[in-house]
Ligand code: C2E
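One chain comes next, on its own, written as structure tokens: the form predicted on its own.
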């Protein structure tokens, strides 16, 4: 799975999380709205129920008072037979036993009498002098209708008052009206109930114009107001709604906001004179227990959903963060933050699927391991980051790069023009080289590149286009590595032939060993003291089934990389044993043969056992076998190497150090090694022909002299001219080896040419 697929999955998970959270919020909102509606319905039912109770109590009071008057009226049927004084006294006595403020009797001629609880008796009271509200109900009573007046202010009583009037009959004819007045305190006593809506609400009595008739002391709206519409707390819409319902005489729910709080209103018509009960809920909860249950339920619901949403979002954020971290780890180089090889190859494959007009480049820093050693890992890492920065600045749109490993960078550039690509790479390498100036380092940074054109690469079924392309760049960069300056090498057919050959070597080496295609070749070493062939060096040639000859430089480096050299060295060692055994069996005088031993074989656990096995199997003296080791072994651990050499020499084998002087050899190392033979690299003789003859002769003379003192024989490689031979003879060398004497030849040819029966 690549990064794009991971990003796609992450986006799908993001959408899923958003939808889930949205569903949770919608569900919470719906449940909350449902609970809110339940609370609202419960509150309204409670307000309506309690208001109805107040209405019933008011109507019950009015009905009771009217019933009282009607009962009293029946006692005044024969009032016409009584004197005025007696009648007045009778009215007074009747009023003493009820709660009326004042009572009176009014005849149809418009006159009457009134009495109060304070024994005031007013005679000859004219109806026309009474309050208009009282006059209205008296006139209705004369018509035979009992009624209650509107509330009015009585100056004599100095209070708000309302009146009752019932007809008085005699022989089924109305002869007068019995009236009574009462203070609105009777309504205040009914309405001023502290238990209204569990003590959290109040009820007021208003007229159909919205005017206050009986006000509650617990009203939340402060200030002097005559109607409910004054004060500005009702919105225009709600005011219009209330007026409309009151005109129709129907009940209504409404609400208002005052002091930053919301209040609910319920208006219930009393059914008398257009009066309304105006009920207000001060806590938005007519039912305390239900309100608390609903409120707690909503809080818990929101808390649970909030927690679930938080955990979901938090988990998603962690997942997203970890995914990004994993993507970074999986697809980015930790040192430079550039693409790693996996991501780079994925991106390259995606590009090459659509367009092949690209060039693949592999770029390395020369001697990067020494930069690590000399300047330290921190400075080396800064150099890698600098390379990344330079590439970012110089690459064009649609081009990208990645870091493979160590100092290896992979680049994909647009275009396939060789000169253009070459000039761009030179600019990049020069810019990278500026790092030394920026960091004030006394070290010249050089790079080398291998390039291959994607449109010229032949597809391989087992490999992706990117893998095939950068397999070719690897071959090109191997050639570029041989230079010493900033180098760009383009993949060509010669490299392709090497690639084919390398593929053949890798796929056929096992079979070749089984088929004995690896042949023993021998190159003679001339004993400079006797002038005769004193020994030989065993070399390997690969002769395929069709007769093609493959030389060591084409397969030995690869075998050293993949470890196959261990098996090949053992095979060649046994071929040497067999050849010496063959010479002895043929009656020929055997000569010593030296055979190369790779580092991997030399440190194999059963290496000594293999030597013993071959000596026993072929029954030849170990002194005829010289085991050649490379000087690189001596640089690692001289003491450990000497312990190994001591065991080998104790068995009778001779030990030679090959290619002395080709690497980091020193006199100190030579003095410590327990060897029998020293082979001087051909580079010594080559240097003699380059103008430094005198200095090289001194060095060689010192080496040979030291070897003699250490009882180590010397062999000089690369002897190609008589002058070379004269020189090494004069220096006191023991053996010469080179084309002057013979090229490497097959074991059979060597036997026929150099071995005497």
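All figures in this text were calculated on a predicted structure; none of them were measured in a lab. Positions refer to the first chain, counted from 1.
Keep in mind the form predicted together with the ligand is missing from the figure; the text below concerns it.
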Spell out, yes or no, whether the shortest heavy atom distance between residue 686 and the ligand in the model of the complex is within 4.5 Å. yes
Going by a heavy atom distance of 4.5 Å, is residue 705 a contact of the ligand in the model of the complex? no
Answer with yes or no whether residue 541 is in contact with the ligand in the model of the complex, where contact means some heavy atom within 4.5 Å. yes
Determine whether any heavy atom of residue 596 comes within 4.5 Å of a heavy atom of the ligand in the model of the complex, and answer yes or no. yes
Can you check 420 to 428, 321 to 329, 484 to 492, 564 to 572 and let me know which stretch has heavy atoms within 4.5 Å of the ligand in the model of the complex? 564 to 572
Identify which of 249, 621, 552, 398 has a heavy atom within 4.5 Å of the ligand in the model of the complex; exactly one of them does. 552
Sort through 659, 268, 154, 239 and report the residue having a heavy atom within 4.5 Å of the ligand in the model of the complex. 659
Residues within 4.5 Å of the ligand in the model of the complex, restricted to 711 to 735 and counted by heavy atom: 717, 718, 719, 720
